[in-house]
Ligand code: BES
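Only one chain is included here, represented as structure tokens and corresponding to the form predicted on its own.
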């Protein structure tokens, strides 16, 4: 590639960083109705950025998600390279709540530079990484006066609350998003300085289990004869996974696609120390889970079951001798490649109903879901992105999976047949969803350079060169 776009990006590093800080100051917490206008303000700010750098057809798309978590999509395009491929950039501008506030060393919505990092809610998840896309395209425009390939942007404001709106849009408006490949930067590097492409994501079902034992709460003097909804819920949860970490739902592992031996061999070559991972990343006393599988297999290639909260009953100061009539648990399962959300939820619900104790009723509700994804490494877009990252970082690019979910990746594969290049530049200690979230400033700038080089390489590929 010519160095002009790269020179422009390097000369404008301070301005790019200040632009990110401006976006980070907008508290676009998608799950909180009190921030509804802030979320829209973030969408409008991004639309203005896209217009400023030269994109066309910039507009907000109102979604039909469940109020009050329905927030607009931001769309933009530039489609004036008839013989070149088309890239769809995906990102999200909504963020998680900043709580607990007292654990932040600096205000969550006042971006602060410290030790080479930028601290703020959304710094790495995903405003900082999404902003890299915009700045890479701006640099190409500045260098060429046009773009070497066609570009579409689709940026959502509901990722942190399930992505209902964008899922519906992708499913019903595929012609509006026609492209040859997609770039997603919402993942992490395996280690500092090690260029990393994520080729696999686990899916997810997020559920609510509600147990009812009586019409009303009862005095605990009836204990011994009256069923207790919390006791029953505890019995149900204890029977979903055994002490060794094995999930006990019948047939749940039948469709799991195990990693190929080549992939397992590459995982074994990654720089990884279990004790360091346990202490610095997990911050726990022991790594748990099914010992039949390695830590990477447990994190990336096997399903999970986890409980997230059990609200209800009496939790106030003092004592109240009550047998609660209702108990609820929020729980999820991560899905391995080849599993489906619909089949997993069906098996999960049937098993919970089967093990429900005598004297209570149980209802299992699906809150939201995402399908797992696995991208072949011989895809030409993956090869081009790996080459670009190797050139920028000076080290061979590694291929990993991640234990989390990015729902849009599965949607784009299912409805548009789009391969997604997941170029992430976060780090394991960036505190995603936690206090003191950060993004390495060095990674922010090299991320822009990596995307620049990839786009230049991708522009030379022809759409008919991939199936």
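Positions refer to the first chain, counted from 1. Quick caveat, the model's predicted, so the values are computed rather than measured.
There is another form of the same protein, the form predicted in complex with the ligand; it is not shown, and what comes next is about it.
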Heavy atom within 4.5 Å of the ligand in the predicted bound form, from candidates 154, 183, 204, 233, belongs to 204
None of 187, 385, 196, 373 but one has a heavy atom within 4.5 Å of the ligand in the predicted bound form; the exception is 187
Of 427-435, 413-421, 30-38, 49-57, the segment with heavy atoms within 4.5 Å of the ligand in the predicted bound form is residues 427-435
Would you please decide whether residue 160 lies within 4.5 angstroms of the ligand in the predicted bound form, comparing each non-hydrogen atom pair? yes
Open item on the list: Taking any heavy atom pair closer than or equal to 4.5 Å as contact, tell me whether residue 402 reaches the ligand in the predicted bound form.
Closed with: yes
- Item | residue 92 within 4.5 Å of the ligand in the predicted bound form, heavy atoms | yes
Checklist entry - Applying a 4.5 Å heavy atom distance criterion, does residue 334 contact the ligand in the predicted bound form? => result yes
Restricting to 110-137, the residues within 4.5 Å of the ligand in the predicted bound form through any heavy atom are 125
